[in-house]
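Shown below, as structure tokens, is a lone chain in the form predicted alone; questions about how it binds or moves come after it.
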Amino acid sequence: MSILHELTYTTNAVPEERHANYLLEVKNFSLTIERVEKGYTPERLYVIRDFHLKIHHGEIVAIVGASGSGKSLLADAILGIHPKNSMIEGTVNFEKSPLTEKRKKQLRGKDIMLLPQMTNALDPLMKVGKQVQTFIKQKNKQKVLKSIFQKVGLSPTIIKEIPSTLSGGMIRRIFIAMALASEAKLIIADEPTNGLDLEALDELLLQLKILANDHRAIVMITHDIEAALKIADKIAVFYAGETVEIVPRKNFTKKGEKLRHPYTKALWNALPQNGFVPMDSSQPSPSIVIKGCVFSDQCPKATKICRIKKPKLQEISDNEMVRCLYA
């Protein structure tokens, strides 16, 4: 039996008076990279065109999109580690205050923490226990360290190991242990389920849920919509650098009648349990300036106006937004 079946996952109900009290709020966010190709011709890559996101304490929001769509660069940009030849526009607020470049440096690794997708991100020469212990602020660090290792399902004997002796699944648990040991309020998990078998994947998702239950906000960046639907409170659907829909997890049901955007419906219907309806996973090149809807070339309902008029992201409710002229 999947260990996830032992827990009951419910969407966190946010009281009306808390709606404006977002931990992180991102509006009209874009990231453009300028590079010089052969012949010294400058080229602009519109990697993130118009991204929006809102998240509360204790909430899990999954950013779902195809591989290569710029999701990981989004995580880097929030942390302030984006490429030097990039330009960022838009509004990012953390605890109601602008998340400036200076503030990103101050909060990175403290209030805001990244769980990287690369398992070689640890110091290869330092024992893993010592690496986790650097995040512990309480007294009696060894006792706290052993307790954290038990919470993430690691034997205390692992404390004295170096990263090269551990499996990929164990390394990911070390990342979770670091997050638990830290005082981070916002945790960004970048493709955390890559390369995991079903049992290891379920264990990892369980650990993320434990973090959320500890009043941490979790942004889960993934191409795996099935994994996201197991634990996320809401899904932010990312296509060609834009938020095309933000939707509560409960709306992913039956034939997707409660989903509003054609791309979100296509993702849902492409799952094996929903008919395995094939879809073209290619996306517009980031070097192209798009006047209208980024999905218009693939959308079965697109009209002429879709190709010339950019749809705005409409707010349906606090937990639901959609970018479509016909939604």
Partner chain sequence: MLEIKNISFKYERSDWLFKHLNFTIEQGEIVGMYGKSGSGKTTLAKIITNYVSPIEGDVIIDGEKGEFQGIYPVQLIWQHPEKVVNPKWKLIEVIEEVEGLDKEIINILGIKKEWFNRRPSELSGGELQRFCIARAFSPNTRYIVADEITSMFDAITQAQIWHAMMKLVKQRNIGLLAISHHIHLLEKISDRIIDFNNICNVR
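Since we're looking at a predicted model, the values are computed, not measured. Positions refer to the first chain, counted from 1.
There is another form of the same protein, the form predicted together with the partner chain; it is not shown, and what comes next is about it.
**Student:** Could you confirm whether Gly169 comes within 4.5 Å of the partner chain in the model of the complex, counting heavy atoms only?
**Tutor:** Close contact exists here: in the model of the complex, Gly169 approaches the partner chain to within 4.5 Å, heavy atoms only.
**Student:** How about Ala302 - does it come within 4.5 Å of the partner chain in the model of the complex, if we only consider non-hydrogen atoms?
**Tutor:** Flag for Ala302 set to no.
**Student:** I'd like to know if Ile210 sits close to the partner chain in the model of the complex, meaning any non-hydrogen atom pair within 4.5 angstroms.
**Tutor:** Judged by the heavy-atom cut-off of 4.5 Å, Ile210 is well away from the partner chain in the model of the complex.
**Student:** Using 4.5 Å between non-hydrogen atoms, is Thr91 touching the partner chain in the model of the complex?
**Tutor:** Residue-level check for Thr91: no, no contact with the partner chain.
**Student:** Work out which of the listed stretches, 97-105, 245-253, 139-147, 116-124, brings a heavy atom within 4.5 angstroms of the partner chain in the model of the complex.
**Tutor:** That would be 116-124.
**Student:** Can you pick the one in Leu79, Ile158, Leu196, Leu229 that has a heavy atom within 4.5 Å of the partner chain in the model of the complex?
**Tutor:** Contact residue from the list: Leu196.
**Student:** Hey, which residues along 231-261 are within 4.5 angstroms of the partner chain in the model of the complex, non-hydrogen atoms only?
**Tutor:** Heavy-atom contacts to the partner chain in the model of the complex: nothing from 231-261.
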